[in-house]
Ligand SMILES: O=C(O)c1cc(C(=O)O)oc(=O)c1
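As structure tokens, one chain now follows by itself in the form predicted on its own.
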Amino acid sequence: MEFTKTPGWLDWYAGPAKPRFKLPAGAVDAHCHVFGPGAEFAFAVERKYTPCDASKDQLFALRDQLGFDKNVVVQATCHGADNTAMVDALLHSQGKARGVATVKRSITDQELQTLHDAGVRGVRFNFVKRLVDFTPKDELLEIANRIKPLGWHVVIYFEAVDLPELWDFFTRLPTTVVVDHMGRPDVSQPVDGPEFELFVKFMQQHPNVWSKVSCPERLSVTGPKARNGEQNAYADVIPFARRIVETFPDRVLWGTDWPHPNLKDHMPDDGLLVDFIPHIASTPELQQKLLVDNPTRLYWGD
């Protein structure tokens, strides 16, 4: 089947730079995706966008180019609750990938076990309204309670302005909770302003909450962009990510977000994104926790 890419969508950056920052041994890219290929793994009818193809083989080639050892492949919204492409990547990773799935209430216990056996260790709940249709909270809570015995966690994707209304639901989740991209803060606001303080308070009060300090290319307002050898990219995001890394060193993760869904302004060079890491995790100890210890404990600790 032929799919027409969403207008304005940027393809991922081919030929990324070799990072100057040398990743520690065992480093994990803890947030990335596969798209299709559409001819092999159809995109969901209800999707809000149609991406370019981004195959497992291309993902694994990027992993090796950047110097990562493993990947966490997060189910992309363009595939809905059909996790086939993501699971296929896990099964062909030689044990070097784990997954985060999207599931519906109708999933059977046997289907959950099959996902677990393939390497899935979490489910993702998406609250970004422009990407998905709203799923009732009672259904999400039911799913969270069903995955808890498997030792899975819940990944939540939301925007900072929505945290107050989602707070009560998030704090009812019975598992480890991993927040995508620091809850998408407005980095034009002060790092100690009320919006980001609320997110810090959320993590302080709830020790089961982790955060990914990824996607500066989505959050940045003033840049500079990770292109053309830029070694100080996304400077406006650094104080936010550094604060989370230094305050919660044992509950942070980092990932490339390759192949960068829905970017329409610019497409970063993933090698330069890796060079962003020492700006937010400034010591070898923090880098080891962020890139190796934390993701290994969460995804391979079984």
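All residue numbers refer to positions in the sequence shown, first residue = 1. In this text, all values refer to a predicted model and were calculated from it rather than measured experimentally.
Here the subject shifts to the form predicted together with the named molecule, a form of this protein not shown in this document.
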Within 4.5 Å of the named molecule in the model of the complex, do we find a heavy atom from each of Asn71, Lys96 and Trp300?
no
Using the partner position in the model of the complex, report whether Phe170 sits within 4.5 Å of the named molecule, counting heavy atoms only.
no
Examine Asn83 and determine whether its closest non-hydrogen atom to the named molecule in the model of the complex is within 4.5 angstroms.
no
Please determine whether Asp269 contacts the named molecule in the model of the complex, using a 4.5 Å cut-off between heavy atoms.
no
Please run the contact check for Pro261 against the named molecule in the model of the complex: heavy atoms, 4.5 angstroms, yes or no?
yes
Quick check for you: of 113-121, 193-201, 74-82, 145-153, which stretch puts a non-hydrogen atom within 4.5 Å of the named molecule in the model of the complex?
74-82
Using a 4.5 Å cut-off on heavy atoms, which residues of 186-224 contact the named molecule in the model of the complex?
Arg218
